[in-house]
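In C-alpha cells, the next block holds one chain alone, the form predicted on its own.
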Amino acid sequence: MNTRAPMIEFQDVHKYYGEYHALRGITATIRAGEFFSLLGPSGCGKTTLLRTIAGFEGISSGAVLIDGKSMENVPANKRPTNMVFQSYAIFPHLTVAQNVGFGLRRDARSKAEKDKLVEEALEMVGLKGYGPRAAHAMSGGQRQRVALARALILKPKVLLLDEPLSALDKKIREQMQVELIKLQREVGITFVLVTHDQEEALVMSDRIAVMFEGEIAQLADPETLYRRPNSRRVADFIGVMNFLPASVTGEANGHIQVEAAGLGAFEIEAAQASAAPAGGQASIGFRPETLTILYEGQTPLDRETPGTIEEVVYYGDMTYYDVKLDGVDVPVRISMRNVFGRPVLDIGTRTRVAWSPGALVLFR
C-alpha cells in the first residue's frame, strides 16, 4: 500500500472557456515524489489541467491544492512549481549557464553561489562543463536537458513537463525517457508529465490518468491500465487491443460464462469484467502478445483455435500477424518474438492460435 502524502489535490475542478466545458469535475490526488502522467488525445484537457497546477490557468470552480495549501489567488510565480515547455523556451543569445541561471537573476545570493548552483544543476542533467557553450549550438536533446536544469535549479516541489520529448527523434526520445526516470528518482520531487504518447506514459509513469473530453476515464498504474482497462475506450487508446463480439450467458460464484466469436464458450473471473455483467451482448478484448501462433509439434498450455494468416509485418525482433480466426470477419493482431529457429510464416498459412481465458477482458 502506498503511504506517500498527497502533493497535488484536485477537488471537483471545473474549467469553462465561455460555453466550452474544458475540465469536468476533476477529482484526483498526485502523491509526493511520484512520476505522474496525464495522457489523452488532443483536446482532452490534459494541458489545461497541467496549467491549473502551474497557475497559468484559473479554474471556474473547485480547488487545486499543492502540498496541502489551496492555490486560490496564488500567482504562478509564487507557486512551488516549475515547468518545462514543449519548445524548451531556451534563449538562443545566451550561454548554457546563463540560460540555466536565468531564474536566479534576482536572487540575493552571491555570484559565486549562483555559479555553484548552475554547475550542480548542469551536472545533474549530464551537462557538466557545458556552461560556456552557446545555447543555439546545442542539439535538441541537449537543449531539453538545459531546460530541465533551468527548472530544477529553483528546487520546486513539483516539476511540470508539457510534452517535453515530442520534438525529439525516436532514438533520442527513448534515451531521454530513461534519463528522466533516473533524474526523477535522484531528485525525488513530484513530476507531472503531459503526453499523448501511450508508450511514453507506460514507460515513465508510476501512475497515469487517462483523459477524454475533460474527464479522467481511468487513473491507475501502467500495468493495470494495460492489462485491466476499465472501458473499451481506454483499452482502445492504450496500445493495441483486439476485440471480438461476445455474449454473457451466465454468472455464478465470482465467475462469468461467456461465448465469443472465434473462441467459443469459456469462463472468466468477475474481476476481468470492466462493468458488472447483466447478460446480453458484450465484447472480449485481448492484447496481441497474449495469443500465440502454434508451430508444428507444439501443444497449447490452455486453449487453441484455428485461423488463417492474412498479413505479415516483420520488425526484426518481432513479427506481427493479422490472423482471421475461423468464424470471425475481422482479423486479430498477434505479435510473435523472432527467436532463433522460429520461422516467419507466409500469408495464407493455416495455423493454430493458443489463448488463455485469463488474458481476456470483458467489455460492456
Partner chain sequence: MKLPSLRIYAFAYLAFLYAPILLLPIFAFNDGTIIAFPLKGFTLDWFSQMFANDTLGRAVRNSMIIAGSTAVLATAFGIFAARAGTRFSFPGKGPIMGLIMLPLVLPEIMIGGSLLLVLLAIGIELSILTVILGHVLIATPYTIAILNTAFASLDRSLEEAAYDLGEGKLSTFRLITLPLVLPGIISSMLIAFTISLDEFIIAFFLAGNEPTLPTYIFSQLRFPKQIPMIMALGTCLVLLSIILLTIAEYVRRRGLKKTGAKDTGGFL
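Nothing here was measured: the structure is a model prediction, and the numbers come from that model. Superpose the two forms; the largest set of C-alphas matching within 1.5 Å is the rigid core. Numbering follows the first chain given and starts at 1.
The form predicted in complex with its partner chain is left out here; the points below concern that form.
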Should the three residues 81, 87 and 92 be counted as contacting its partner chain in the predicted bound form, with contact defined as a heavy atom within 4.5 Å for each?
-> yes
May I ask you to check whether residue 136 falls inside a 4.5 Å heavy atom distance of its partner chain in the predicted bound form?
-> yes
Contact label in the predicted bound form: residue 51 to its partner chain, heavy atom within 4.5 Å = yes
Taking heavy atoms and a 4.5 Å cut-off, does residue 295 contact its partner chain in the predicted bound form?
-> no
Although its partner chain is absent from this view, report whether residue 77 comes within 4.5 Å of it in the predicted bound form, heavy atoms only.
-> yes
Would you point out which of 111-119, 191-199, 264-272, 95-103 contains residues with a non-hydrogen atom within 4.5 Å of its partner chain in the predicted bound form?
-> 95-103
From the list 172, 154, 240, 167, which entry has a heavy atom within 4.5 Å of its partner chain in the predicted bound form?
-> 154
Taking the rigid core as reference, does residue 106 move its C-alpha 2 Å or further between this form and the one not shown?
-> yes
Core fit, then residue 138 C-alpha moves 2 Å or more between this form and the one not shown | yes
